[in-house]
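Take a look at this one chain, the form predicted alone, written out in structure tokens.
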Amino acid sequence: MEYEKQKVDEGIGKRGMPKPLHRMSETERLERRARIRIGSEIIAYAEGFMRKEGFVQMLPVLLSPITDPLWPDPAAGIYKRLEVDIYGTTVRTMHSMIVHKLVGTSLLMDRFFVMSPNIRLEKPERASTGRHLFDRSQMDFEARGASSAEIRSLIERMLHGLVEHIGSSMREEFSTIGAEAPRFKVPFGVYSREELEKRYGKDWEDELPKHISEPAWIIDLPREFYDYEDPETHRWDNFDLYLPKRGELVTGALREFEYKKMLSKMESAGVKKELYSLLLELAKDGKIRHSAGAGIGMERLIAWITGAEHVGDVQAFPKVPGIVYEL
């Protein structure tokens, strides 16, 4: 027990690592408070924007037999999956509500969004990236009949309006943290994954943020079975949004909805089909509808806008990979 506490103390003591509230100075608490107040306004604006766009807010799912496999996405860094037996059934903590979004837009709502808690036990070495948490929140949303281009445009309009609103309404808080809201033009630039691989090599995900000054879309990313892949060109109709010096903020796509393509991609990727039997059954019966959507990491969004060094600095109670704080 004492050894475990020592490991936590060492982790918290590293340069740039978030501190828990009881170890912060009064100045540090004032800065944390200002970031959380700005974050509260960011969340309120984002939720209001989505409602104006016709999205209905639904409550999140925390445990389910089905969640995002996060495979074969090369950016995933999960070292352990949390499972628990309830009522004789194995359920898992939510990685993201992607499967629930596919079913929800097919059988319930044309368009909806969820502020979804996501628990992903990232590898401990990701603590120092400043971008990773093991317990975080994501704005997940999906729209029936939408294209990936329409979803990208929606996100651009949201972010552009958001930074203008936050910059003018939270001046006192920005003064406290000594920062300004970022400025950028829309639409954002678009890069293909193939183009970036040629320019920067296999480490393009780490290199790109060093070379851009404004947010940029990356398209055609080989990923999980639920992202749409053209059967003839084998190009993926999906996207990520990358931020300067920070990396990925948004992940989204046009979705697969055809049974045979889903099944084939699961088999090729080695995804356990039995975990997605309901989704496959609905797809086989033609009940999964055409849709597109995305997920926005809220801590990363707040950290970018407030200039936080680590995403844990915008959480009241930080959840940093490899460190278990007392609260």
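This one's a predicted model, so the numbers in the text were calculated from it and none came from an experiment. Throughout, we count residues from 1 along the sequence that is shown.
Keep in mind that the form predicted together with a small molecule is missing from the display, and what follows is about it.
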Non-hydrogen atom within 4.5 Å of the small molecule in the predicted complex for each of Ser96, Arg255 and Gly295: yes
Option from 58-66, 259-267, 38-46, 287-295 whose residues, in the predicted complex, bring a heavy atom within 4.5 Å of the small molecule: 287-295
Contact label in the predicted complex: Thr251 to the small molecule, heavy atom within 4.5 Å: yes
Distance check, Trp204 to the small molecule in the predicted complex, heavy atom within 4.5 Å: no
Thr105, heavy atom within 4.5 angstroms of the small molecule in the predicted complex: no
Any non-hydrogen atom of Phe174 within 4.5 angstroms of the small molecule in the predicted complex: no
Sole residue of Phe112, Trp236, Trp217, Tyr226 within 4.5 Å of the small molecule in the predicted complex, by heavy atom: Tyr226
